[in-house]
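One chain is shown next in structure tokens, namely the form predicted on its own.
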């Protein structure tokens, strides 16, 4: 559900004020503070407080709270329908991360210690919206002004605690157009090979986050430079420098045309790999992405070359691609590929013109269906699909124009 931002913000202020009225320290925390300072609209609001989880639940009531992570001090407070929810977390210090993914336990503490256990300085800021005051224990505000992604404290320790932070650092840098701090960069390079400790699902989620907004080419360049691509996407890492450069050039063009779709980006990275369709299928299975995501990437990779020479192709060969639900993405990908290799854009322009046709012209209903063939006296069997496809192709190519002509074609094909 999409929430109203003004209502979200008001509710986040209300949560803060109610905690304070009950005698607790409370601030906005993390990404919402970063986004506010960057002049962006936060997608959600988080609150950090001195109140313990049970105190938060008592204050807002059991019916309006969800104990989604009470052991880690996290309670979700449910607001009005248009405002959504606010995550309220008790100030905490994390115990050891024995698995490199999550803390073994937490210790409730104060605001400063809470800030110092966070990942990057830009995400470790607190904000008091009533006083319009930033509370900064880690130099995060200066780093925002310098457009710098810097780990809080000892960068190597931050990445030992949670390996996923390495990918998150790349996502932050590429999304905001920031630079990785030198120590942070060196720490990622040293630990990049350990990223596979993280579950495939969490890796996939970070990849989606890199590829669903501006900066995908920057993200992939950083993954290559830092050694992370060798671990999570060896199929692209092992391509020649020339093919990698082409992939990055395609991503830059997609970026320029505001195409922010992870499936298109992944197809742009994988269409040059050996046995590209099978490779794309294997990559997305490895990341445990959804069947729909996997099918889309595989379809794009498999068909990108099919648009070459489009203007000279039979319409029956081209139409199924353009009329497909992902046909527009296929043309966009082919266009970026052609532009990156300085090939003529005639085929792409032809496809764009066809995509602009009314739906009834681009994808007219078939003249005959399986039911029509049954009524004509045919028994369903293996030949059905082939006969229907032949009739459809003849229809698209203008060789038959009525149902009767399509049936006559079927009869001729059956007769030999």
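Positions refer to the first chain, counted from 1. None of the values given here were measured: they were computed from a predicted structure.
Keep in mind that the form predicted together with ligand ATP is missing from the display, and what follows is about it.
Visitor: Residue-level question: is residue 172 within 4.5 Å of ligand ATP in the predicted bound form, judged on heavy atoms?
Guide: Contact with ligand ATP, yes.
Visitor: At the 4.5 Å heavy atom threshold, is residue 43 in contact with ligand ATP in the predicted bound form?
Guide: Yes, residue 43 sits close enough to ligand ATP in the predicted bound form that at least one of its heavy atoms falls within 4.5 Å.
Visitor: Please check if residue 162 has a heavy atom lying within 4.5 Å of any heavy atom of ligand ATP in the predicted bound form.
Guide: Residue 162 belongs to the contact set for ligand ATP.
Visitor: So in the predicted bound form, does any heavy atom of residue 329 sit within 4.5 Å of ligand ATP?
Guide: Residue 329: no, not in contact with ligand ATP in the predicted bound form.
Visitor: Of these, 118-126, 297-305, 72-80, 257-265, which stretch puts a heavy atom within 4.5 angstroms of ligand ATP in the predicted bound form?
Guide: That would be 118-126.
Visitor: Looking at 141, 168, 208, 185, which is the one with a non-hydrogen atom within 4.5 Å of ligand ATP in the predicted bound form?
Guide: When ligand ATP is considered in the predicted bound form, the option within 4.5 Å is 168.
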